Structures are given as structure tokens and as C-alpha cells.
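One chain is shown next in C-alpha cells, namely the form predicted on its own.
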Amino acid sequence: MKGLRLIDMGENRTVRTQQGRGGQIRNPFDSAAFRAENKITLDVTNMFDAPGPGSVSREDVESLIPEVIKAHQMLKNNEGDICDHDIPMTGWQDLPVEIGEAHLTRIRSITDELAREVDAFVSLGIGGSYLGIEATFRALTHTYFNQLTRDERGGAPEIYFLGQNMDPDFFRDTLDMLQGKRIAINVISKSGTTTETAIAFRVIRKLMEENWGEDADRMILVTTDRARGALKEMAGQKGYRTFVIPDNIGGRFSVLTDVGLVGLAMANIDIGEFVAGFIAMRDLTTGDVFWENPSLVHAAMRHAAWCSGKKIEVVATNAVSLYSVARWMEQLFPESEGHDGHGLWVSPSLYSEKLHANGQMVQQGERNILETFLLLKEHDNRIQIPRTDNNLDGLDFIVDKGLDMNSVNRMVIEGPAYAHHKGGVPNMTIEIPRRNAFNLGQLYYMMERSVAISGYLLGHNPFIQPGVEAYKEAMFALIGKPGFEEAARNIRGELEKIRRIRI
């Protein structure tokens, strides 16, 4: 039996786009026509007057406008509770217009040179040093990128991620994919002592040095603090090429810094277009006219929902490519808002898959849910639905109406948006025209400004995460890290008093 042929399917346009990027074919992101066709839209129609408890009215939102505008003006003036160790953590606001072409050229020069020498590239990082890079990579590339040929990847090496968890099976499985390949890595950590990333770096650096000796040093990139820290010191000793994590930009806001740009450039993502998307949304969201500023409207909608008793935000998308973007939002908002009993828990979902899993809960469960849709309006590819001889599944009507899979997929957002609103779930839709770096840049900046405003509305600093240190202290104590001896004694003493209940 011969292998499957994709008869009448045409070329995969995602692959064509990747090949084009490898051939230096770029989107005309400076043109008025391109920008007119690529505008992020926020539709809040279904936010208002959902039946049942916790309904949000337009009056609820409009009553917040003076407070929102005041918060926005404070944010732009770098006022209020915004510091981490006396440093205002708002450098992300003007970063898009501060990035110079010379800096982008340096990144491209290093990554282009390195990409030609290796088969695979591994990004090592966790949290803000990982999620934004992976989200953008997944959003803009083929689902099975690493299984494609080098030509189909547009000349880019295979891309892998490590250091984001402590699962030894996942780590070993990834190493199996790297066996026999020439690899380069970028280790991302401001301190250089982040446990998950540092352990991954130890293991993979040892392998590289055992295989290639001092030549391994050329294959190791470091993104870390400008002046201090374990990684900065090691890079100086080894001669690793370095990139900078700014002091005034926290991890979850760092995708436009070298944290994100280096890995994206390795994957042939157009980082110039990415920056342009950030600039476009910055220009749109610096104004104080509430109903013309999507970041302010988005922040106010979420805050009004929280005040009305909503505790969970389901962020659902109709695109597998955007699911990782929902996961990026899963860090951005809870880590920024989760202080003093405040904030919405973000639950990423892929529709229609999750509609067959937790759709019943969303439709008829406890009315503590807000829903935000990431609607991809135009996918790269179109899939026609064929007619059958017997119509046993009853779906020939779709063909009769001239609909394709894309049309049906759009309804897995529009249908739930209507039904869930009728079921008492306020929801809003962020419409993303198509898969490109310009639109991702717009979306990220819109969300960053929104969550900053949320911090002001909730009355706490959205740029710090003191609660994260609790798990680190407990983990360090339990594994016997020097300096945590007293904590270890206290924790073990408490654990010994607990009567274990095991069934």
C-alpha cells in the first residue's frame, strides 16, 4: 500500500510563509494597507446584562471610567505603587520606541550566523523567560515545526524549550530529540540561579562541553542581568555572547526584550515586524479617551466582572496556534493580580475541544465565570468539506451552504459567545485578523497595559510577585540548600506533626 497523498489539498500556506521568511520576504508592515487589514478589535457586546447573578451593566463600567483614567495617567507618569527594590517596573511602556534598528541588527547577525551552524536550538527558561517566546513561536509557525525539513522551516533550526519544569522524563525525551544533532542554546535568567533553568543549563552544558570541548562556548548564548549575577559572571569567564534583561522590566512583560527577541530571531520570526506591532498598539493605547482605548476598556470590563463576583476568566481560542498565547495570559494576569485575595484566575481553553470537556460547567455551573475569546479570523489554510454518497452523518447541509471548516470553526466562538451570555456568563471577544508578528505585538502590548491598570484598580503593585517566593523557600529548604537550614527545621517539624491520611 502506498503512502497517503494529499490530493487536491494544495500547499500548506504556513509552510510557504516560513519559507518566505527564510528567503527574506517580509510583510509590508509599514504600509497603510497592511495596517488597515491588521487591527486588533475588542468586542464587548456580550459583557453587559447577562441574566442571573453577577450581571455587569454598562453603567457599572462607566462608573469606573474616572478611576481608570486616573490610573492611566499615573501609569504614564510612573507614579504609584510600581517599584521593585526601588526600581519603577514600567520600562515596557516605552520599550517599543526605544529599540533601535542597530540592536535588532546585532541580534539578527548573531542568530543568523549561529543558525547556519546548528541543527537545533534550545531555549532555557521558565515563567516570563519562557512563556512569551513559546507563545509567539507556536502562534506563527507550523504545529509540527521540528518534524518538517529544513527547507520547509525556512532554513531555521529545530526549536526546543527546556528549563520550564523539573520533569526528568520530559527532559530526557527532549535530549533524545537532540541526540546526534549540532545544537546551540540560549539560557535566560536574570539572577542565573533560577532552580529549574540552572539545573537544565548544568546538564546540557556538560553534554555540550563533553562533546565539543571549548568549541561549545560559541554555541551558548546568555540572556541575563546587564552587570551582575551568576550567569553574567560565568559568561565573562567563558566568553559567552550575552544579551540583556533590563532592570525595569519584569519577566512576564519581557517578550519584547532580548528575552524574547533572540529566540524568535532564531526561528526566523520577523522581529522588526514584531516591534512595529507593539508600537502600533502603544500609539493607540496612550490616549485617555476611554472608549477609544482598548487597554482601558479591557481592564475596566475585567474589573467590573470581578467586582460583580466573577472569580475565573476562561480565555478560549478557536486556534491551536493561539492556545499558547492564552497560556501567556495565564501568567500575566494571575501573577500580576493575585495579591491580598484579589484577581481573576485565568483558565486557557481551546474551543471546540474544551466545549466537550468543561462546556457544561461554563454553560450551567456556578455563575462565577467571565469568558474572553481570542478569535483568529483568518487562518493560514482553508479546508473544504467533501460531500459523501450517503450523508449518514447528516452534514451535507454544510456543503450545500458553501461552508468550509474555517466557517464552522468561527462558529465555535460565535455560538458559545451567544449561548454562554444567555446562560449568565459575560464575555468579550478579541478579534485577531491573521497569524503574523505584527498582530501578536499588538495583542501583547494591549494586555500589558491592561493588567497594569488592573493593579491600580485593585490597589496593589502589579509588577511584583512576593507570593512566588513562598514555594521557592519551601523547596530550597526541603532539598537542603545552604542558608535555608532554619526554614528546613521549621518545615520538617510541622510536617512531622501532621498525621498523614493515605488511602
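Numbers for residues come from their place in the sequence shown, where the first is 1. The model shown is predicted, which means the values in this text are computed figures rather than measured ones.
Omitted from view is the form predicted together with ligand PA5, to which the following refers.
A.B. asks: Using a 4.5 Å cut on heavy atoms, which of 126, 428, 82, 219 is close to ligand PA5 in the model of the complex?
C.D. replies: Of the listed residues, the single hit is 126.
A.B. asks: Which one of 248, 321, 93, 331 is close to ligand PA5 in the model of the complex, taking close to mean a heavy atom within 4.5 Å?
C.D. replies: When ligand PA5 is considered in the model of the complex, the option within 4.5 Å is 331.
A.B. asks: According to a 4.5 angstroms non-hydrogen atom cut-off, is residue 190 in contact with ligand PA5 in the model of the complex?
C.D. replies: Yes, residue 190 is a contact residue.
A.B. asks: Flag residue 252 as yes or no: does it have a non-hydrogen atom within 4.5 angstroms of any non-hydrogen atom of ligand PA5 in the model of the complex?
C.D. replies: The answer is yes: residue 252 has a heavy atom within 4.5 Å of ligand PA5.
A.B. asks: Would residue 317 sit within 4.5 Å of ligand PA5 in the model of the complex, counting heavy atoms only?
C.D. replies: So residue 317 does not count as contacting ligand PA5.
A.B. asks: Does at least one non-hydrogen atom of residue 134 fall within 4.5 angstroms of ligand PA5 in the model of the complex?
C.D. replies: Residue 134: no contact with ligand PA5 in the model of the complex.
A.B. asks: If you check in the model of the complex, do 194, 335 and 465 all have a non-hydrogen atom within 4.5 Å of ligand PA5?
C.D. replies: Every residue of the spot touches ligand PA5 in the model of the complex.
A.B. asks: Any idea which of 166 to 174, 366 to 374, 304 to 312, 126 to 134 reaches within 4.5 Å of ligand PA5 in the model of the complex, heavy atoms considered?
C.D. replies: Correct option: 126 to 134.
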